[in-house]
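Below, in structure tokens: the form predicted on its own, a single chain.
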């Protein structure tokens, strides 16, 4: 397949904000995609060449891309940088300079999807001496064959930043229309996808298959070849991480009981990080965060305790890893233990300095059988049977089962006294719903005025803060439009270097180092960054405001902590912001 066709679809997607129009564009393209190209196309549409849970990364910086664009276009690196400053998008820089290519090259054949996919995979495998030069050569080879808009998307694919607005729900529905409905029409005037003039009410088999596999390539291939009947056969596989079930918030136990019913399970909510533990039938144990990042190597102590203290041939368990002080045995805050998530060196030292306790609270698969559709009380009973507790190593998450406010509040106080964030309330007969923020599992914390947001922009500081990005624009997720919407700016809560009292403190310098490689474009002192850095933000009040695309603004927002364990899919949603707004001062 010519890459020109895929680039044309990217371009069409970037020129509409209508979710259903995007769905129709993708469905039309997928219907014409040969089976042999499907894996490449599905992954490239997601802006990647490896599945979510694959640890391999391309390792391409903008600096290397500048070299590749220069090598393929005949422009100097200085010209590339100057053009980037003018256009603000390195993808458009490649497009602009390649259109004015000043020299012919050896590689002039038409660019194919296979060539882009294969070369980018080769980039990821380039290691050791000369690896940087090899990466540049592989990208330059693609750009030398790229025509016009193709160059823009080769570069954007290389940095994993397509900027065409393909949310997972949009891609999922496009697969459904393409392969399960097939005969459909898009009514542009009504902005509606129709089958025989009528809408289609979702694709339950497709959704269930994605819940169980978390694999768009697998699901698309089955839908294309076998239809809905094949999708019903998709099952959970240990070693392949699932999206975790997420919780909604409530403000008190009365609301909590109203949501999940009486009695319910009231569990500790630890201030740790979510970890999904997989054990295969071969005995391999792998650990994944809620973002599906593998952290097996970073936590050999957890692997060891699971091997010794969790009984079963193969399983997938859901748990919280909470750090504790090795001297006092008291739990430590998340920001302390978060050091271990990304650390690849000095593992043994950190293991002693920042030990963790694994608290198991759910199970998704056990010895050949799925557990997703089993009620929670059965899953919890199974957890209690297979976990041989050893405090400070592995425990079953402490809980009570009650429908009484007084008893629940007493347990809540106990949880807070132990150093936890609060409690979780869980409906006893509820199934496990991967990736969903469901009303059958809710959380109650003493402070409700924090949101999980992603940084989408920043501003270069002046005076003594010159050289630092010091004011950060943050966004929540609009689940209806499947897009990020801004809700405020913060700068308070970040420390200057001389103010930092520990190595764990987040400084302007440190934040700048995180954000600088993510800069998409610049205008004066303001920059737009790729939405990758998730932060917890505290605020005094939510106000309605036309200044931000959410329609709301945070009053006195303040940085609380980084959330490296969370991604864009874990953000506070716009509906949650609206609910919090209505609750203020008795509204709603």
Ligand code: ATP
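Numbering follows the first chain given and starts at 1. Everything quoted here is computed from the prediction, not taken from an experiment.
One more form of this protein should be noted, the form predicted together with the named molecule, which is absent from this view; the next part is about it.
J.: Among 397, 222, 302, 387, which has at least one heavy atom within 4.5 Å of the named molecule in the model of the complex?
T.: Checked against the cut-off, the match is 397.
J.: Quick one: of 209, 270, 476, 175, which gets a non-hydrogen atom within 4.5 angstroms of the named molecule in the model of the complex?
T.: When the named molecule is considered in the model of the complex, the option within 4.5 Å is 270.
J.: Within 4.5 Å of the named molecule in the model of the complex, counting heavy atoms only, one of 163-171, 124-132, 421-429, 79-87 shows up; tell me which.
T.: Careful reading of the contacts points to 421-429.
J.: 246, 441 and 445: each with a heavy atom within 4.5 Å of the named molecule in the model of the complex?
T.: Every residue of the candidate spot has a heavy atom within 4.5 Å of the named molecule in the model of the complex.
J.: Applying a 4.5 Å heavy atom distance criterion, does residue 95 contact the named molecule in the model of the complex?
T.: Residue 95: no contact with the named molecule in the model of the complex.
J.: If you check in the model of the complex, is residue 19 within 4.5 Å of the named molecule, heavy atoms only?
T.: Residue 19: no contact with the named molecule in the model of the complex.
J.: Any of the heavy atoms of residue 351 lying within 4.5 Å of the named molecule in the model of the complex?
T.: No, residue 351 sits far enough from the named molecule in the model of the complex that none of its heavy atoms falls within 4.5 Å.
J.: Looking in the model of the complex, any heavy atom of residue 67 within 4.5 Å of the named molecule?
T.: Output for residue 67 is no: heavy atoms all beyond 4.5 Å of the named molecule.
J.: Output the sequence-ordered list of residues from 535-572 with at least one heavy atom within 4.5 Å of the named molecule in the model of the complex.
T.: Read in sequence order, the residues that approach the named molecule (within 4.5 Å, in the model of the complex) are 563, 566.
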